[in-house]
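Given as structure tokens, the chain that follows is alone and in the form predicted alone.
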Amino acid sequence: METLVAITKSNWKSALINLIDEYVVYAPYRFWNQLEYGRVTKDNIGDIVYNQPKPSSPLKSLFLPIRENVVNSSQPAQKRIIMGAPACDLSALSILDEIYLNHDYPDPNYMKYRENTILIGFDCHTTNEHCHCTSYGFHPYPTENSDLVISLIDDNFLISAQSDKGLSFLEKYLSNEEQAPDEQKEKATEIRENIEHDLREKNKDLPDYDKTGEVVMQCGDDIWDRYSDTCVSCGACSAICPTCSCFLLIERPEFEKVRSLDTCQYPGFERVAAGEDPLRPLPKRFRNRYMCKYVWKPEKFQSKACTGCGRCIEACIGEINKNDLFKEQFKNLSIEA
């Protein structure tokens, strides 16, 4: 873990006070026992929650608003800092970038958000019940799409840069800070290794990303019928997912187009003229989401469509655990480990 600077809590607070005069800054806060992104002010800097997984809302909500006018937008190009993004959300940006920064059809609004944002990722020093990032080849600490990474060790913030934007940030705002002591670097590395080991042990029966795709393709109708039995088509699993990004465009007068996030779990998602709807039966909609994540998107994109955050399990009103489905079928189906 190459750490460039170590900064005390008091110095970091002073730096943040200066930053909020220049940037709109977001960070994780505890609201009613839930971790959620909030706007940083001079009064609440001390309440920021560090190195805990994971905000209830995914990072994508700050790049793809639930509803947004995509033409004639008066949204200013604000410079932002988003702190506290966990590794699972940062990795999820890779597939969103493939979709919305496509070289032939880049999305100008998404591009504007990405260009005007400094991303500060946090290591995860603990895990939640349904975290399973390591099962799909990810780490519980940022390795991609972050500009800076922070780990709080012994009352010091260890800050490393992962991009040119991050290096410029350090040179501009934290150039007077010292290198972290070796013992703190070693402790940060030890925490990373322990968390990764715990996740691997906890999820040792869960198939990896590629094997999960094979499981999904081999599941019969009886599996989808049984696991979708308590689904109420609320769409929470897709809304809370850091990689789901389906949307619809709503036409309004005066050439206004409103992009509204949508989900394949809603009835009528694929309804076409004359009322035809291939996903009218609920089990088919339920199956469609897993086929999309583990079969169809891997065929089209380089990035993985699930980063193992576990939010869909936590948000499900019907208490459906996709990992139970995958583990059960992985044991039953003829797939080599």
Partner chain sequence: MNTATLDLYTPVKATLTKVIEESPTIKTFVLKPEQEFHFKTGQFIELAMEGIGEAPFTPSSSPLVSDQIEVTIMKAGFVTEKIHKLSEGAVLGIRGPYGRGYPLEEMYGKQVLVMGGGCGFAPIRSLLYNLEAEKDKIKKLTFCYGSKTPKDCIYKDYIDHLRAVDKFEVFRSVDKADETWEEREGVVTNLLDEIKINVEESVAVVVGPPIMMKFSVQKLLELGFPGHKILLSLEKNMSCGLGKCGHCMMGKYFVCKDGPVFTYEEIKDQPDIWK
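All figures in this text were calculated on a predicted structure; none of them were measured in a lab. Positions refer to the first chain, counted from 1.
One more form of this protein should be noted, the form predicted together with the partner chain, which is absent from this view; the next part is about it.
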property: Every residue of 54, 93 and 313 near the partner chain in the predicted bound form, heavy atom within 4.5 Å; result: no
property: Contact test in the predicted bound form: residue 43 vs the partner chain, heavy atoms, 4.5 Å; result: no
property: Distance check, residue 175 to the partner chain in the predicted bound form, heavy atom within 4.5 Å; result: no
property: Contact of residue 252 with the partner chain in the predicted bound form (heavy atom, 4.5 Å); result: yes
property: Heavy atom of residue 66 within 4.5 Å of the partner chain in the predicted bound form; result: no
property: Contacting member of 292, 35, 62, 282, with respect to the partner chain in the predicted bound form [4.5 Å, heavy atom]; result: 292
property: Stretch in contact, per heavy atom within 4.5 angstroms of the partner chain in the predicted bound form, of 117-125, 191-199, 255-263, 134-142; result: 255-263
property: Heavy atom contacts to the partner chain in the predicted bound form at 4.5 Å, residues of 245-274 in sequence order; result: 245, 246, 247, 248, 249, 251, 252, 253, 254, 255, 257, 259, 262, 268, 269, 270, 271, 272, 273
